[in-house]
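Read the single chain below, which is given as structure tokens and is the form predicted alone.
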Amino acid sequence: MISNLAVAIMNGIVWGLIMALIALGLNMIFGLLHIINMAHGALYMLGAVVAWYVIELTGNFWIGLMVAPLCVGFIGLIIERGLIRTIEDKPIITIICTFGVMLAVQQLVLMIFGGSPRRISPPIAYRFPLFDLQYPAMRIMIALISIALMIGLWIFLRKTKYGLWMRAVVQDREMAVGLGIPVNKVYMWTFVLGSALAAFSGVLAAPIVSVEFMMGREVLIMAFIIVIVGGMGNLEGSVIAAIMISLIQGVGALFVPPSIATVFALAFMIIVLLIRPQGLFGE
């Protein structure tokens, strides 16, 4: 029982860090652009699918990890320039349009990739002992990569010019325009960065889950729960909420079926909203 609990906690932390990446991208787009991006789960799926093709071509997981976010980030650029920019001040229409983008991406992937789930073999096959069980070292590597990406994002937001501009636009858009900050470019690169983070999480999740055209559906729902619990626009809150909710699901699945463990996460969200409607760390 102790070994199973230890594995559940480890899996919860690893999956929580993966979910934190997609939730960070979703929260960044909402916090700056005030857009509820329903296509975010499709971008997560697209990252995994592009990585699968790259790995099939090159035989190297790490090349897929680098190429997929670049490709999906470029697709995010097209979505922002061609669609979001024209309707950014119409919240309901943005929800409907990004939902349409999600359906279009899913059907396109279904046509090209097919409906059969595919697997990506972990590039690190080593397992280390965890009590009386063997735990995959690849999952530890995934957790470390996720943490490194979050640290990189923190440095970008705190130490670079574009990061300063992004924080300034969040604080006061009108003042930022008055100070000469290129707000439209900030919006564009925020959407691109959020899309790339979704792709990163998709690639990192691919050795754990099956790669298929509907894999972003449940992840999108969970990402919204994480953003709501952590607090809209609060990036640190998203990371903490992602790990907490994943641990609730992982440990809960030891005692009840996984579907019931998901209900625990929903119940946790409801309790948080009853106590703090703005989320645990929202203002």
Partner chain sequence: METKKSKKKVEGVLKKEFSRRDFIKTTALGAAGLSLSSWAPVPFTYGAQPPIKIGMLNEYTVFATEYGYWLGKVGRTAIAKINAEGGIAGRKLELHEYDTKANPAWSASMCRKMILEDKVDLIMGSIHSGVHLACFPIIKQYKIPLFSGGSMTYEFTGKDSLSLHGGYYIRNHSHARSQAVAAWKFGFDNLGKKWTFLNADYAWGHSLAREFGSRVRAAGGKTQDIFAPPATQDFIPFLQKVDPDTEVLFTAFLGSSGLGVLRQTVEVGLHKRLQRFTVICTTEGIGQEVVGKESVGAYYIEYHPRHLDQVPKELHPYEIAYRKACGVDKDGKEVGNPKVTIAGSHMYSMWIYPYMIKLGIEQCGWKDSKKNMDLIKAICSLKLKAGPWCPVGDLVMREEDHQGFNDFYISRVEPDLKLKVLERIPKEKAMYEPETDLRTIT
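Numbering follows the first chain given and starts at 1. In this text the structure is predicted, and so the values were computed from the model without any measurement. We call the rigid core whatever largest set of C-alpha positions still superposes within 1.5 Å between the two forms.
Another form exists, predicted in complex with the partner chain; not displayed. Remarks below refer to it.
At a distance threshold of 4.5 angstroms between non-hydrogen atoms, Leu235 is out of contact with the partner chain in the model of the complex. With a 4.5 Å cutoff on heavy atoms, Thr160 does not count as touching the partner chain in the model of the complex; it lies far away.
At a distance threshold of 4.5 angstroms between non-hydrogen atoms, Asp132 is in contact with the partner chain in the model of the complex. In the model of the complex, Gln278 stays away from the partner chain, with no heavy atom inside 4.5 Å. Annotated contact segment (heavy atom within 4.5 Å of the partner chain in the model of the complex): 217-225, selected among 237-245, 60-68, 28-36, 217-225. Screening Leu77, Ala104, Ile93, Leu110 for any heavy atom within 4.5 Å of the partner chain in the model of the complex leaves a single hit, Leu110.
A heavy atom within 4.5 Å of the partner chain in the model of the complex is found for one listed residue only; from Met166, Val192, Ile120, Leu149, this is Ile120.
Annotation for 51-77: interface residues with the partner chain in the model of the complex are Trp52, Glu56 [heavy atom within 4.5 Å]. The rigid-core alignment places the CA of Met10 2 Å or more apart between the shown form and the other one.
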